[in-house]
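First comes one chain, alone, set out as structure tokens in the form predicted alone.
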Amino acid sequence: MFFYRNYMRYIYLLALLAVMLFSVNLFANTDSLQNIRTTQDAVYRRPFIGNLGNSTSIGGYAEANTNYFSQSGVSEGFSMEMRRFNLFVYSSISSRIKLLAELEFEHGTEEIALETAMLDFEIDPALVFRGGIILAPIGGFNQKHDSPLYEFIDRPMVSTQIIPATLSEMGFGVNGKLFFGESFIATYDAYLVNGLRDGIILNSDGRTLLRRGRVMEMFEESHNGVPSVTGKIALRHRQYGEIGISAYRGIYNSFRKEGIDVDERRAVLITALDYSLAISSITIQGEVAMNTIDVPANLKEINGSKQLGFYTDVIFPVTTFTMLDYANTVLNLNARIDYIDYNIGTFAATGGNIGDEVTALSFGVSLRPTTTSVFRVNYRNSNIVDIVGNSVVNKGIQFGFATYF
């Protein structure tokens, strides 16, 4: 109950903030800011919405690519994959109620998942109640992860290994948008969710891995009866970009069996900073995330209790030209740095640093005939360090496309 009381207050405070600042919207020039896109808007800023001219729209996106990678000079050769085929359904049920759902097919039909199924009830842009299968507002990528939005084929490592994107959760809460003058938009999100599960440690990967605590049963019920809390606050400037801070905290272990406590309550905390900045024509975007996990003392050297990661993309539009029927085709040059450390710490016996980290540099060219379709060529070079400090190099090239429909 302490956990519940301690973190419910953040929900109350954020809801109170929305009510207190409601008057801000009355004095702001909201008309001039309505078309400014925030990360919070990403779930509804998809091109299919409204295409049919009625209250219900159907759309999606497709992503396919080739891979050729080698590790320490050894390669499994050339392969092709249909990485994702996602279907969206949107319905404007009434003037204040709307529903959005997303069904994802990964690697053909190897994995089929209901990624989003949420209902919004809008009192005002400053106060929206949301419930269902939601995208946890942790970091920027988890809320805005559609492949056609990115110039690189692979998702950032920090967003999938440190933050377990795509992290969908069954939950309820509030979100809102506040307007300040003619230049600033503030957004907030706060939700109670079922939470991640036991597989975070003692899994088949042999390391602490939050994505192993992400299972389909999360949509059915809580495994320990204690809800997790996730929230985010972000500020968007109409010209220069957006910055956000977010957190996710919950009890991940099944500490109770048939009403009897059988283990300590073990918490996981994710904190993240995400940013998207425009400097002249160059876009710089990325996120930083840190995990703190309560791990049993006898497992800490193998299952890390602290993890860190970050990525930064730099996107430079080289030229805009006419190609076939496309008058505004854009050619981009792109660069990315990725870093993750699965286990921050030292060995008790030797005092030496625990390895288990990856650093990667990626470069690429992308061609956008339209803003909703992209063709990408990427080169990636990764240095992979195991737990005792041995390293190998993994490098390769990819070609692929992604498009909304």
Partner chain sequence: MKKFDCFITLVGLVLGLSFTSCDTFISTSISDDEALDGPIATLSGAETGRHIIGDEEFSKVYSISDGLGPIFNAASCEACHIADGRGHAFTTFTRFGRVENGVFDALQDFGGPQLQDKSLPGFSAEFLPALANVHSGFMAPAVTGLGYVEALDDSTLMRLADPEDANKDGISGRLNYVIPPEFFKPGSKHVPVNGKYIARFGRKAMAIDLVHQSVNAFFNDMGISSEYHPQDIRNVQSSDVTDNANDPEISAKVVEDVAFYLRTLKVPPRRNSNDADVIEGEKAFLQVGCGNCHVQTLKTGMSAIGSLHKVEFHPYSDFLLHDMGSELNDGYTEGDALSSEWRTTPLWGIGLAHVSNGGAIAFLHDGRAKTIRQAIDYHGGEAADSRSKFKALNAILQDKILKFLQSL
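Residue numbers count along the first chain shown, from 1. The structure presented is a predicted model; accordingly, all values stated were derived computationally and were not measured.
Just so it is clear, the following notes concern the form predicted together with its partner chain, a form of the same protein that is not shown.
> So which stretch, 292-300, 162-170, 123-131, 178-186, is the one near its partner chain in the model of the complex (non-hydrogen atoms, 4.5 Å)?
Of the options given, it is 292-300.
> Does its partner chain come within 4.5 Å of any heavy atom of Ser281 in the model of the complex?
Judged by the heavy-atom cut-off of 4.5 Å, Ser281 is well away from its partner chain in the model of the complex.
> Can you tell me if Ile138 lies within 4.5 angstroms of its partner chain in the model of the complex, counting non-hydrogen atoms only?
Ile138 lies outside the contact set for its partner chain.
> Closest heavy atom of Met323 to its partner chain in the model of the complex, within 4.5 Å or not?
Met323: contacts its partner chain in the model of the complex.
> Looking at the partner-bound form in the model of the complex, is Ala267 within 4.5 Å of its partner chain by any heavy atom?
Answer no; every heavy atom of Ala267 is more than 4.5 Å from its partner chain in the model of the complex.
> Here the chain is shown alone; which of Gly73, Gly225, Gly108, Gly77 has a heavy atom within 4.5 Å of its partner chain in the model of the complex?
Exactly one listed residue reaches within 4.5 Å, namely Gly73.
> Of these, Leu361, Ala64, Leu367, Ile36, which has a heavy atom no more than 4.5 Å from its partner chain in the model of the complex?
Of the candidates Leu361, Ala64, Leu367, Ile36, Leu367 is the one lying within 4.5 Å of its partner chain in the model of the complex.
> Give a yes or no on whether each residue among Arg84, Glu104 and Tyr275 has a heavy atom within 4.5 Å of its partner chain in the model of the complex.
The answer is no; none of Arg84, Glu104 and Tyr275 reaches its partner chain.
> Determine the residues of 78-106 with a heavy atom within 4.5 Å of its partner chain in the model of the complex and present them in sequence order; the list may be empty.
None of them.
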